[in-house]
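Only one chain comes next, encoded as structure tokens, the form predicted alone.
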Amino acid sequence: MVYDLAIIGGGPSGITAGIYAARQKMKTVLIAKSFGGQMAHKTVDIENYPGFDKISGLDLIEKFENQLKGKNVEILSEELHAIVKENDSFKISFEDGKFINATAVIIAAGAKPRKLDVEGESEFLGRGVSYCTTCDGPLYQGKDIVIAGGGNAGFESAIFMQNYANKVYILEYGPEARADEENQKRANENGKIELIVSADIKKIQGSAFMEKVVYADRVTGEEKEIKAQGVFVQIGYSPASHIVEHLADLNQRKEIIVNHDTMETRTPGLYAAGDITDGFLKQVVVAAADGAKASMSAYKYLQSKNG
């Protein structure tokens, strides 16, 4: 099967790219195992997306998805294996051995949660360790939990977990919280949340399930522990750019370097959009704008190919 455009990713950038592609009558396929990306895991209401004073990430992505499904865009739920450039088109292959071809490709695969890479993290995954408070938070009703990371994601997770947990500890590696003032203010409203800075998490321990987090005080060097039944890791995301590292330039953070006017990579016909790029502002509205620019750039590229 040959398409004008293949979009990799079902987050706000990928979906927006699909909507714009449909309006330009491009033969388009969107490849994603699921819709939403990081936005589906947004733990507090989104209050900075135009048109909505307040809306949850789940509700907003549902609106995105419903709009896309009303367009003429084919959707494939496949596990991606490889993307290669062959002459004037891209061959996209899947884990089951099937493949498709597309003249242009937009990579909007977003990013995956970063791990702590400490003792016990893998061992207790699903038994106390989680990377998604929206998904697993309700399981910790009345329990004490730790949030690893004192940025906006960490504070938003802590605010969400106030609805369930008995006590919430935020452990921040740096000397102070990195979250916005508004998030810090909300976290201080009911006294359930305690911030601990200069905390270097060393290990997660327990038996059948995790029971405590061990960390080092980076100022005194003293090793301390917190008894907790859950730890939610919120220390950022790693771009899912490995699939095109042979076709695009990456920066030190493995983000795809693009021309931010057109979202072009160094390979003609290959574009990137959203959190996978080297853009400095990781926001839903920016991801959507990236998707729109990438889609229109792909359309111009196709027009130039067709004379």
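Source: prediction; values computed, not measured. Residue indices: 1-based, along the sequence shown.
The protein also exists as the form predicted in complex with a small molecule; that form is not presented, and the subsequent description refers to it.
Student: Do heavy atoms from each of V118, I170 and I235 fall within 4.5 Å of the small molecule in the model of the complex?
Tutor: No, none of V118, I170 and I235 comes within 4.5 Å of the small molecule in the model of the complex.
Student: Based on heavy atom distances of 4.5 Å or less, which listed stretch (45-53, 65-73, 244-252, 258-266) is in contact with the small molecule in the model of the complex?
Tutor: One stretch meets the cut-off, namely 45-53.
Student: Just to be sure I understand the contacts: of M26, V29, A240, L270, which is the one whose heavy atoms reach within 4.5 angstroms of the small molecule in the model of the complex?
Tutor: Selected option: A240.
Student: With the small molecule left out of view, which of E176, E222, E86, E79 would have a heavy atom within 4.5 Å of it in the model of the complex?
Tutor: That would be E79.
Student: Taking any heavy atom pair closer than or equal to 4.5 Å as contact, tell me whether A153 reaches the small molecule in the model of the complex.
Tutor: It does: once the small molecule is placed as it appears in the model of the complex, A153 has a heavy atom within 4.5 Å of it.
Student: Taking the small molecule as it sits in the model of the complex, is G36 in contact with it (heavy atom to heavy atom, 4.5 Å or less)?
Tutor: Yes.
Student: Check A292 for me: does it contact the small molecule in the model of the complex (non-hydrogen atoms, 4.5 angstroms)?
Tutor: Taking the distances in the model of the complex, the answer for A292 is no, it never comes within 4.5 Å of the small molecule.
Student: Is A111 a contact residue for the small molecule in the model of the complex, using a 4.5 Å heavy atom cut-off?
Tutor: So A111 counts as contacting the small molecule.
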